[in-house]
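Quick heads-up: it's one chain on its own, the form predicted on its own, in structure tokens.
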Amino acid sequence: MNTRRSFLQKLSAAAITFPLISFEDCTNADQAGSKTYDGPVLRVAIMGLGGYGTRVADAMVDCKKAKLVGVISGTPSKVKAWQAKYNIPDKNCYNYENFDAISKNPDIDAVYIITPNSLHHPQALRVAKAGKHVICEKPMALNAKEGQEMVDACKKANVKLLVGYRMHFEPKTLEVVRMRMDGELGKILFFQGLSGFRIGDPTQWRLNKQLAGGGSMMDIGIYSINGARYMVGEEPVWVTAQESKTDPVKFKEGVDETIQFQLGFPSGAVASCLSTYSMNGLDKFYLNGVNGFAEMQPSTGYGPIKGRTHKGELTQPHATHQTVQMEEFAAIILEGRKPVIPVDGEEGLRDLRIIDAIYEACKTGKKIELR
């Protein structure tokens, strides 16, 4: 932990459209495990070997279409440990200074960037320039300007840019989206998203403005922003927001503790959401329509997700989110699959534009119109 913290401290100094595919088309890891797969495989290097990087790597053990083949890290001891655990050859191991050399490595197809938020933009540009597909954790960048540059760089390099929106493949989430698309909820009127937890270690990078780009909004709040969009099925046209802070020592200037925000949609539907680092147990989505409702709690955790609608409990099976996500990413890159809910760079950019507007609304107290 001290090694990673020291490394990070050094770095700190330096409208939605849903193609109609059936639920059965979405990968189920348990089902996939029972079949023999002999098609193309997406060969992935993970950049950033922290807690979530480890979770993704462990989940990929069960993948058929995606395989972990490389690592990029600033901590040599982690590289050695991952090599032993995941059988990664020396030639596929890099650090943050030399990873541009992946351009000459034909055994790596894509790099999954799982580093602090402020590093996503420069690292993605380098990966794209190296000619490799970019998979990036959310938020995709610190702001919409950086996000647009990432989108443009990947288009120029003719590589894919995908964002780690694992909930876009979660079965219960997809069932609620299906119900909304099929009109079973009627005209959508209201969405509520509550996203928050009490954050611990005050020295961690998530509370460092230079590394995180903000506070709770740049970590947990994005789930409610993104959820509002795919649950309502529209792009918001205005935003209002209010910030509150109870601990200015822990949550320094530019690091938001709690933000309440509201979104307005073209149809007249509205959303009321909360993003916080100071309250536990906040992981809930609620969608209300003229003819019915959907409620999910927990709604975005690692699972199992639980939910009910006016028709009863949601009973779709749970599968490890990261396994399903990586299988789907492989299908998008290798087979041209079109997911029900987009996971490309444009999707990430839409969220960043809303985050920019939320911060502006907090600062000015004004209602911000979204283009």
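What you are looking at is a predicted structure, and each value in this text was computed from that prediction instead of being measured. Residue indices: 1-based, along the sequence shown.
The discussion below concerns the form predicted together with a small molecule, not included here.
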{"query": "Option touching the small molecule, based on a heavy atom within 4.5 Å in the model of the complex, out of 117, 299, 216, 226", "finding": "117"}
{"query": "Selected contact from 234, 257, 137, 146, since only one has a non-hydrogen atom within 4.5 angstroms of the small molecule in the model of the complex", "finding": "137"}
{"query": "Candidate stretches 306-314, 36-44, 52-60, 338-346 - the one whose heavy atoms come within 4.5 Å of the small molecule in the model of the complex", "finding": "52-60"}
{"query": "Partner proximity in the model of the complex: residue 166 to the small molecule, non-hydrogen atom cutoff 4.5 Å", "finding": "yes"}
{"query": "4.5 Å heavy atom contact, residue 70 to the small molecule in the model of the complex", "finding": "no"}
{"query": "The small molecule contact in the model of the complex: residue 74, any heavy atom under 4.5 Å", "finding": "yes"}
{"query": "Non-hydrogen atom contact residue 211 with the small molecule in the model of the complex at 4.5 angstroms", "finding": "yes"}
